[in-house]
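Here's a solo chain for you in structure tokens, the form predicted on its own.
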């Protein structure tokens, strides 16, 4: 028996509900990146990043492939970047300027 669409959507949003996963997706918006580059940009242990990448991969949100000795990760579809952009727009519409969060959000519009 198949899962109702609303339940599948809820599961997808639960998958996105982790700061490290969101940061990974933000970094992958500019194109595929090797794990070592992701580690350099995200302040987490390698084992934690590996676990979060596995969650995203199982959900089909990212794909992985080898480029020589490097394991590369990429967004599975440009729609993921569109979803992140929609999230920024929604936050911008509902946030008041708390501790500069709105300023940071607006500065990210130009950088992705």
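It should be emphasised that the depicted structure is a prediction, and the values quoted were computed from it without experimental measurement. Positions refer to the first chain, counted from 1.
Another form, the form predicted together with the DNA, is not on view; read the next lines as being about it.
The contact residue chosen from 63, 77, 51, 29 relative to the DNA in the predicted complex is 51, the criterion being a non-hydrogen atom within 4.5 angstroms. None of 81, 42, 59, 35 but one reaches within 4.5 angstroms of the DNA in the predicted complex through a heavy atom, and that residue is 35. Not displayed here, the DNA is kept clear of residue 89 by more than 4.5 Å at the level of heavy atoms in the predicted complex. Although the partner is absent here, residue 18 lies within 4.5 Å of the DNA in the predicted complex, judged by heavy atoms. Proximity of residue 14 to the DNA in the predicted complex: non-hydrogen atoms within 4.5 Å are present.
Looking at residue 71, you'd find a heavy atom of it within 4.5 angstroms of the DNA in the predicted complex.
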